[in-house]
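Just one chain is shown here, as structure tokens, and it is the form predicted on its own.
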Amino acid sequence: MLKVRDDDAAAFEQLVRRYQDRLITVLEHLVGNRDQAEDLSQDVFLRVYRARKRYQAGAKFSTWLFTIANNVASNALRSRSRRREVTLQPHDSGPLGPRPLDVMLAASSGQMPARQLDKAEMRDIVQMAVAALGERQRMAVLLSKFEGMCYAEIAEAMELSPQAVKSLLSRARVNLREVLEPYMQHGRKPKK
């Protein structure tokens, strides 16, 4: 980022390549939509570039990046709540279901069909449980588990105290356990 601050275009390109996929994944979990996450990631990198001259190397770059991402996602969610949007859910398009390419790719992976379904079901249930968390809990969980950030880094990215992050993550774990435990112990799917 220091090279980017000094107007090195190749360094900015490398920075985007290094962080783009991780950023899109976090944003997708925050806003619940892959296309919007991709758009928001462009906005985040645009903000990074515009603020490059003000960058201070006091903290890790990823902490600064995810602070910007958190703000951009919060703004997008606030904006979405002010206007009415209709999200179309995929529907069955034939014998292979709503996502025929996913089914065909899984079939070619060599895994047994029952195992593929178990993994897909588990992934969907975990995503549903994470999506059910409040915005701040979700962001804290994503930065902790997917980005491997410590309490201090999460606190800086979310503009909270480390103790507040610890409490936020503790409450998030309780909420996730409440949603996931019936499924893990008895195979009961949570209600959407």
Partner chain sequence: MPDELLNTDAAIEQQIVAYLDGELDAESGRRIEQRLAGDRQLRKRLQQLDRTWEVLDMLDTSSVSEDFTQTTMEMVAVAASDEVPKGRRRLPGRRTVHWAIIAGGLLAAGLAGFLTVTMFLGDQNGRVEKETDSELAQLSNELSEATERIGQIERAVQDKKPRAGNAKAKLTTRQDVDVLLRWIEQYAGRHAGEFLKLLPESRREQLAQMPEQMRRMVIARMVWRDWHSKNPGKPLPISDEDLAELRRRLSDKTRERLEANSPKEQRRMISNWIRQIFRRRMRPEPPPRRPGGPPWRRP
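Positions refer to the first chain, counted from 1. Treat the numbers as computed from the prediction; the structure is a model and nothing was measured.
The same protein also has a form predicted together with the partner chain, omitted here; what follows describes it.
**Q** Since only the chain is shown here, I'm wondering whether M122 would be in contact with the partner chain in the predicted bound form (any heavy atom pair within 4.5 Å).
**A** Yes.
**Q** Even though the partner chain is not shown here, does S161 get within 4.5 Å of it in the predicted bound form, heavy atoms only?
**A** Contact with the partner chain, no.
**Q** Going by a heavy atom distance of 4.5 Å, is V141 a contact of the partner chain in the predicted bound form?
**A** Flag for V141 set to yes.
**Q** So, in the predicted bound form, is E28 in contact with the partner chain at a 4.5 angstroms heavy atom limit?
**A** Residue-level check for E28: yes, a contact with the partner chain.
**Q** With the partner chain taken in the predicted bound form, which residues across 126-143 come within 4.5 angstroms through any non-hydrogen atom?
**A** Going through 126-143 in order - heavy atoms within 4.5 Å of the partner chain in the predicted bound form - the hits are V126, Q127, V130, V141.
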